[in-house]
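Next comes just one chain, in structure tokens: the form predicted alone.
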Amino acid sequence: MGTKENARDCEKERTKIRCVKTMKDIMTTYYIDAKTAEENGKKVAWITSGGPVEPLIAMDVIPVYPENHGAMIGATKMADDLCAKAEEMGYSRDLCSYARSDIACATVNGGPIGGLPRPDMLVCCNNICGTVLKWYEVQARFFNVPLFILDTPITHTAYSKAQHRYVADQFNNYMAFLEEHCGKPFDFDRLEEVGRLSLKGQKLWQAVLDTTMNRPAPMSAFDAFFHLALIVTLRGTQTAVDYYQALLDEMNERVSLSISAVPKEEIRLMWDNLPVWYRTKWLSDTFAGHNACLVADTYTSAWCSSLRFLDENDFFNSMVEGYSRIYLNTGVDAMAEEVLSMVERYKADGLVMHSNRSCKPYSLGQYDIQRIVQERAGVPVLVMEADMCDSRNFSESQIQTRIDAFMELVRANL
């Protein structure tokens, strides 16, 4: 091997994010624990990604996320076959590819980990979308297990006292549901402890994301998509806190050494909506080929979007508002304001919007947000049609052409 090849390999090794291995080890242990829960005397609850997980952890129930599993299915390119199977079962191709993958997967124990562990109960919160309501009803019937539904009204412009009372009553019902199906009183003291860990983990995750305000950025949104897993699956645990502290330390080290996610960062972009899981590397390489780094995104930051409403000294009551006012449960105007704020905070030169066939709440207002961002921030916006898991809705040549044209606009606008 020549000197240049050796130098490239050394540089590649130096710029690797070391915490990647730790994350993989933690997630492996997590799924082993979930799959062996019954023999260890524990219960498993499937829960939506935006649902209140802290009460489950307080009751020593292992939370499992079909959406996180759906992302794994997409990233390992298994979604097309599973989605097609769901369609053979009678489900429309227009439905969410997470839902189709999960529904089909449950019937064959498919996917990258041989199916999810059998649930003892399901917890569904509609603060992320309405599809989860029918999706979880389907799975509750399939596994013949109890289902709890938490309904959060959309907070288009404000959050009223009536909304708070409505959701608070449901949280009380949620605790009663857990008491019934866990066979023990709800542990409110433990909930406060879990709540403190949850807030600490979310703050650390936000601090990790904020390291990309540095030039060059030590990580990209594509890295964030990977490292997000623990704030979803293990939010409220010491494991998540320790991991994000280690990741933050590593990002700060990379900043001090000027180690960048994109070697020749010239352009800074922002991403909106879920990742295109089966093409993250191609998209990362394509933008990097233009010396562009995606330094922020609305998806991974959504798990910190309710931080300002949470109080570690009164976690139960503040949790009611926090889970009602997450990013996807607000109106288009509020979402546009958040995007504008992020464009300014991370000094983004352009916005890339994934118009995601599978996620209607995330995608339907994007053209309004595009107009608002172009008018008020004065940066170019690319709307790119695809699907988060189903690659049958992805055209590489079309997207390549649109990215190339978009990057020309961005450079002309600098």
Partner chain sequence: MEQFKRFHEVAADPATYARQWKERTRGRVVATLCSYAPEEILLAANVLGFRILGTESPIVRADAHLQSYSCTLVRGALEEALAGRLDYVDGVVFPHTCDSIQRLSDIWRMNVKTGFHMDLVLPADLTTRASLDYMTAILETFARELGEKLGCEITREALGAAISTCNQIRRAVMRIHALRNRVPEAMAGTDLHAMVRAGMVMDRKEYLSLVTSLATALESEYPTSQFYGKRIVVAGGLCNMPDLFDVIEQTGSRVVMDDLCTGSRFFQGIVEPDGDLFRAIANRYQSRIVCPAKHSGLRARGEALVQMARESRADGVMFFCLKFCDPFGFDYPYIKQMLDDNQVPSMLFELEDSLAADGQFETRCQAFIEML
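None of these values were measured; they are calculated from a predicted model. Residue numbers count along the first chain shown, from 1.
In what follows, reference is made to the form predicted in complex with the partner chain, a form of this protein that is not presented.
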Query raised in the report: Non-hydrogen atoms within 4.5 angstroms of the partner chain in the model of the complex: do Thr239, Glu250 and Val343 all have one?
Result: no
**Report entry** Contacting member of Asp285, Glu179, Asp314, Glu137, with respect to the partner chain in the model of the complex [4.5 Å, heavy atom]
**Finding:** Glu137
Report task. Go through Met89, Met213, Leu307, Val108 and name the one with a heavy atom inside 4.5 Å of the partner chain in the model of the complex. Result -> Met89
**Report entry** Ala377: touches the partner chain in the model of the complex, heavy atom cutoff 4.5 angstroms
**Finding:** no
Query - 4.5 angstroms heavy atom contact with the partner chain in the model of the complex for Lys347 - result: no
Query - Touches the partner chain in the model of the complex: Thr157 (any heavy atom, 4.5 Å) - result: yes
Query raised in the report: Does the partner chain come within 4.5 Å of any heavy atom of Arg357 in the model of the complex?
Result: yes
Report task. Spot the stretch among 52-60, 66-74, 366-374, 31-39 with residues whose non-hydrogen atoms come within 4.5 Å of the partner chain in the model of the complex. Result -> 366-374
Query raised in the report: If we check the partner chain in the model of the complex, which of the residues in 328-363 reach within 4.5 angstroms of it by a non-hydrogen atom?
Result: Leu328, Thr330, Gly331, Val332, Asp333, Met335, Ser355, Asn356, Arg357, Lys360, Pro361, Ser363
